[in-house]
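As a starting point, one isolated chain is supplied in structure tokens, in the form predicted on its own.
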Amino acid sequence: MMTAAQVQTGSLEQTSIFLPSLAEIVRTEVLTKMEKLFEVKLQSGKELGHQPGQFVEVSLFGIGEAPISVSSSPTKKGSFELAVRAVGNVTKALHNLDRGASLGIRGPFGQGFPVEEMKGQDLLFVAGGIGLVPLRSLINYVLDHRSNFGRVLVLFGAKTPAEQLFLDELAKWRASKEMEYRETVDRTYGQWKLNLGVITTLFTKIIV
């Protein structure tokens, strides 16, 4: 693996997405007890150039590397967002970083969603828990190109209200006239006025 010093000094010329680019964390946000959002920009000033549904390899020099889905739409310019669950050495160390910290980014990798084939179609998104992370990239891409698509429905389920991700964004989706949004939780220990049950219970709420 290339070191931070080699990236900074240019002793290894980057000619491939298989070599890490130096990047900086410009914003962090705690989403839940387990998940944290990182807004990242490449220090080269270039765009990541990803498609909805792709991922990057995130390097923490001296610790290791982990694949992380890009959760922001490519229509967001200047930076991109990674929602990270703290489950291993790299992701736990990443959670300890804050604004201004450096990391390595390789990619984007993977097959993105077939957005061209989706144009003109009605779209139904179904996400449970952290499964919303990669879908969020596509959902926001669709909303930013709203006239290219038909009816848009989003169903989101979480185990409990405390495990819901992107709370501010969910509030906007509830109020949006550009999409239809339904949500549910498996169980709740407090006041919950919306659907209670696994995500498949929302299927009967869809009006065809």
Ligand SMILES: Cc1cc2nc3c(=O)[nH]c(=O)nc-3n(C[C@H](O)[C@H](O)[C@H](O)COP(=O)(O)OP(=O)(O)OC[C@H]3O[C@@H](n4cnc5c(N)ncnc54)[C@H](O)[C@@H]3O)c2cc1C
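Computed from a prediction, not measured in an experiment: that's the story for all the values here. When you see a residue number, it is the position in the sequence shown, counting from 1.
Below, we turn to the form predicted together with this ligand, even though it does not appear here.
Exercise. Does every residue of 67, 83 and 90 put a non-hydrogen atom within 4.5 angstroms of this ligand in the predicted complex?
Worked result: Yes, because 67, 83 and 90 each have a heavy atom that approaches this ligand to within 4.5 Å in the predicted complex.
Answer with one of 55, 181, 141, 149: the residue that has a non-hydrogen atom within 4.5 Å of this ligand in the predicted complex. Checked against the cut-off, the match is 55.
This ligand in the predicted complex: contacting segment from 127 to 135, 97 to 105, 111 to 119, 72 to 80, heavy atom within 4.5 Å | That would be 127 to 135.
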